[in-house]
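Shown next as C-alpha cells: one chain only, the form predicted alone.
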C-alpha cells in the first residue's frame, strides 16, 4: 500500500460503458431479436436500456410491438438475446481494455482502496475474466444477486457490504442516468462519466477514468 491518502475507502464501478465498452454487443443482440420480430429498434431506443435489467429492457422494446407476449414468451426472448450476447463475448480480450482503465485501477488499488463492480449484468464475472481484470476487484455485485435494478440502489448497497464499507465511504462511477440516481438513492458519492454526465445530481463529472486520481486521491 502506498502512502497516498484517499478521500474514500472504496470505489464501485458500473461495468458496461465504464470499465469496458460492451454497449455495441448489447445493441447488436437486442437488434437481432427486434429485427426477427419486426419491431423498430435504433440507438434512441437502445439508450433507454442503459442500466436496466434484461427483462425491463425487453419491456421497453416491446412497447413498439403490435402483438402481446405472455410471460413464457418474454422469458424465451430474454434467453435468446442473452445467448446472442454471451456468444459475442468470446471476442472480448484484454485488448478491449483502454490503458487508462487498467492504469487507474492499479493506482487506486495501490493506494489501498477497496474496488468493486456494481452491474445489472448477469455476465459481469465472465466479462471481467475475459478482459483480464477480475483480480483487481474485491467484490462483484451483479444481476445474479439482486432483486431490484437501477435506479434502486440495491446493487451498490450489496457491493459496499461485500467490501465491508458504508455507502458514505464509497464513490460510485456510472455512465447511465439510472445508475447515478441509484448511487444517490443509496447515499453514495456519484461520479458521472460518458452519457451520465448529462444527467443532474452527480457530485462529479469526468470525461475519462484517469480523472479519478484527482477526485479520489489527495
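By rigid core we mean the largest C-alpha set that fits within 1.5 Å across both forms. The model shown is predicted, which means the values in this text are computed figures rather than measured ones. Positions refer to the first chain, counted from 1.
The following text describes the form predicted in complex with a small molecule, which does not appear among the structures shown.
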Name the single residue among 29, 52, 157, 177 that comes within 4.5 Å of the small molecule in the predicted complex, judging by heavy atoms.
-> 52
Is there a non-hydrogen atom of residue 141 within 4.5 angstroms of a non-hydrogen atom of the small molecule in the predicted complex?
-> no
Does the small molecule get within 4.5 angstroms of any non-hydrogen atom of residue 85 in the predicted complex?
-> yes
is_contact(residue 104, the small molecule) in the predicted complex, heavy atom dist at most 4.5 Å = no
Hey, in the predicted complex, does residue 57 get a heavy atom within 4.5 angstroms of the small molecule?
-> yes
Go through 117 to 125, 68 to 76, 132 to 140, 96 to 104 and give me the stretch that gets within 4.5 Å of the small molecule in the predicted complex, heavy atoms only.
-> 117 to 125
When the two forms are laid on each other by their rigid core, does residue 196 show a Cα shift of 2 Å or more between this form and the one not shown?
-> yes
